[in-house]
Ligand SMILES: Nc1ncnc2c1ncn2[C@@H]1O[C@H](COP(=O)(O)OP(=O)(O)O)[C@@H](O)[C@H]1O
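One chain comes next, on its own, written out as structure tokens in the form predicted on its own.
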Amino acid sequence: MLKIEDLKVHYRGDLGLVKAIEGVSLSLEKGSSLALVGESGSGKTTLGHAVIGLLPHNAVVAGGDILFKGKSILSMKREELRRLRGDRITMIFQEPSAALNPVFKVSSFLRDVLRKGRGSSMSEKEIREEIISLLRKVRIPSPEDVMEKYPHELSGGMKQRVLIAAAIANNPDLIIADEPTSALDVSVQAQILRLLDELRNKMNLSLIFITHNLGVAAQVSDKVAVIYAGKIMEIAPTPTLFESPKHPYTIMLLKSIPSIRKEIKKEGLAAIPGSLPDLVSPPPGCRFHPRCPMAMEICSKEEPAMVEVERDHFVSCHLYTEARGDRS
């Protein structure tokens, strides 16, 4: 349903072009879910915004393509893209308070969403009934009361549910969820994750879930793509990635997850040394090599190819290209 081919997205800045996404290729089938994980600044949100056509004015698509049902999103005219966005592809943003207009009630917000997707064919009575139905779908109690409230009268979890209701209002094919639970407490986070998974299964939605939290990724995804400094390091089915990670970056990310089983007082929390590279002048070769404890001489000279190490498990690392005799 969605295919990203060798996508490159750069940002114009005072110091030069920031190479935020550099040669990313991904695919997503109907009804499946993909978690995009990595550190803050790795390019996850940029990729999500590129798919839905919300890149800022200083962004430049320097190469590649994004195909939705075989049609290029990047070559669509503005009006065609507007019809696609919010109808066939929707987005749930990270901060619900910023995504909702404080001067409009929930009913006004959802009414606009429904009218945009379905035109003026719905009567006011039908719109009201549909709003109540949507709020029930996202498990909001007393929807008749909640729809007449302003955003500041709702909790963070309730506001996020309203955004999810808006995202599913017009029966989209794809939802991009950008860190939708990071501003919520743990118990509400679990409820939202269960809700998204239930809706995906019931409505046969496809989901791209952007997160830095590997625990969250494990709960909501069929497949995980690990991104670092604008490059995909590893892609695998979720159980495979957690049971048998291959790329040193993925392994170190997993080791850095706190666990009650670890003797933290004795060993301390595991951490990845260093920081993300300057993406105006990224390091040659593998972008992770300056921080990689397993780096070889070739890692600083040649970019590794993406190779399939086992069925549906791909990794971009010279540890595997060398073993196979491959070259970039």
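Not measured: the values here are computed from a predicted model. When you see a residue number, it is the position in the sequence shown, counting from 1.
Although not depicted, the form predicted together with the named molecule is the subject of the following passage.
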> Would G43, T46 and N58 all count as contacting the named molecule in the model of the complex, using a 4.5 Å heavy atom cut-off?
Replying inline: yes
>> If the cut-off is 4.5 angstroms on heavy atoms, which of these, I66, L26, L34, L279, is the one near the named molecule in the model of the complex?
In response: L279
> Does V18 make contact with the named molecule in the model of the complex, using a 4.5 Å heavy atom cut-off?
Replying inline: yes
